[in-house]
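To begin, one chain is listed below as structure tokens, in the form predicted on its own.
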Amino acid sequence: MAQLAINNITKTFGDTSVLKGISLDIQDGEFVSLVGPSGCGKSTLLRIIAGLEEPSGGHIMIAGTDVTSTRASDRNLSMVFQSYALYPHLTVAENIAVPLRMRTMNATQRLPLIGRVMPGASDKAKEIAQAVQHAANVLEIDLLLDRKPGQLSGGQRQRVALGRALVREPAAFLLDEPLSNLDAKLRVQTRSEIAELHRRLNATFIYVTHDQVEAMTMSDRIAVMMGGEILQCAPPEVVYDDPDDIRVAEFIGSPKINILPVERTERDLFLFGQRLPLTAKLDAPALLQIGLRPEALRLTKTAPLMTGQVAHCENLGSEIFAQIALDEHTGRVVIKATPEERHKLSLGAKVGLGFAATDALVFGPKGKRLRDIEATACSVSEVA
């Protein structure tokens, strides 16, 4: 395994700029997810790392060696595609063995009949069979080696694709939305299997997905991409709790973070005309925005900061998400409540909301996080 460095990578297609100076260092054995909406450039970046696409500028370094101009086959990287890309006429064992046969056997040794009697072919075939068996044991598909892809479920096919990548013992694994073709139940199962595989191998994984749940549950770090740029790269809990940009805050988290307009006068912040227990150090008054996660909002009857009516309620058993139509604002906010609070959330019920000043995320006019914010008091009243 090896460290991988992406240095100021750009990519343009005609007049369209897809990647705008991407730089990212990935440590040996690290699991990094590239996450973002469709069209943000994450798959293009992965293909450039793999050598399947040429960058317009910048460099790719693997273990300190510049491989920007190196062919994909010579980069010692294994890529798992969204479509699995299995040969339907070959067995599972034969599919897994393909990269080893291409790497270790010459053209004559790979011939169906005469290749078996060529010098050295027998020994190489035994080594390949051992490597295939080892990969199958690791992925727990050793009982499927004689089957064809058409006889396998989606999850089993994905493990075969992983086995074909694993058998090469690459410097890094590149995975391009490998779970998008699976149903919801299989996605949950397979993502845990991928995470466990990463821990067992201690290998470098670069994982592309538009699904924030996949990124949050498997990654050491998440690189949030939008518009051909990395907005933030940090551990999942940091990206969720401490986003640098309002776009990151809105993309990560389900239900989506609540964004409300805040007015600043001198040092004080006002929400719907009500002073918040927060002060901001800015040169001039400005219209700001405040971000509140659903779990940050609390039901209260004592001096609420907002009031509204319950417009919709989703009971998930262990937790409840309610949409509150605010009296002071045309939009709605989503709150996370406990099952014990269900009786307060009947449709049309009038509720008051409060939150702790330390849970508020304040963003500037351009969407960048304002960190020079001070909490002067706690605005959460006793839950009633």
Partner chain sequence: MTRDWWKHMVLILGAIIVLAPFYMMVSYSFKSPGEIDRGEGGFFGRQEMMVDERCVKLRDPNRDEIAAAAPHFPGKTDNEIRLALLAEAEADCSMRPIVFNYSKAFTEAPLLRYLLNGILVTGSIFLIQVVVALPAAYALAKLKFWGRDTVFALVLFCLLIPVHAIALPLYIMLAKLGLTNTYAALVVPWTISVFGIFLMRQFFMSVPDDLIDAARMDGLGEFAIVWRVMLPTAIPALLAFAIFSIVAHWNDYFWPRIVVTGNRDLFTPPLGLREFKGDGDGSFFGPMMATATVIVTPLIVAFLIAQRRFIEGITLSGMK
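Just so it is clear, the model here is predicted, and its values are computed rather than measured. Residue numbers count along the first chain shown, from 1.
Heads up, the form predicted together with the partner chain isn't pictured, but that's what we're talking about next.
Only one listed stretch (98-106, 215-223, 292-300, 261-269) carries heavy atoms within 4.5 Å of the partner chain in the model of the complex, and that stretch is 98-106.
The partner is absent here; in the model of the complex, the one residue of Arg147, His134, Arg110, His312 having a heavy atom within 4.5 Å of the partner chain is Arg110.
Put simply, of Met118, Ala72, Val188, Ala195 only one has a heavy atom within 4.5 Å of the partner chain in the model of the complex, and it is Ala72. Contact annotation: Ala325 falls outside 4.5 Å of the partner chain in the model of the complex, judged by heavy atom distances. The partner chain in the model of the complex comes within 4.5 Å of a heavy atom belonging to Arg168. The partner chain in the model of the complex is not approached by Cys233, whose heavy atoms all lie more than 4.5 angstroms from it. Residue contact with the partner chain in the model of the complex: Pro88 places a heavy atom within 4.5 Å of it. In the model of the complex, the partner chain lies beyond 4.5 angstroms of every heavy atom of every residue of 208-226.
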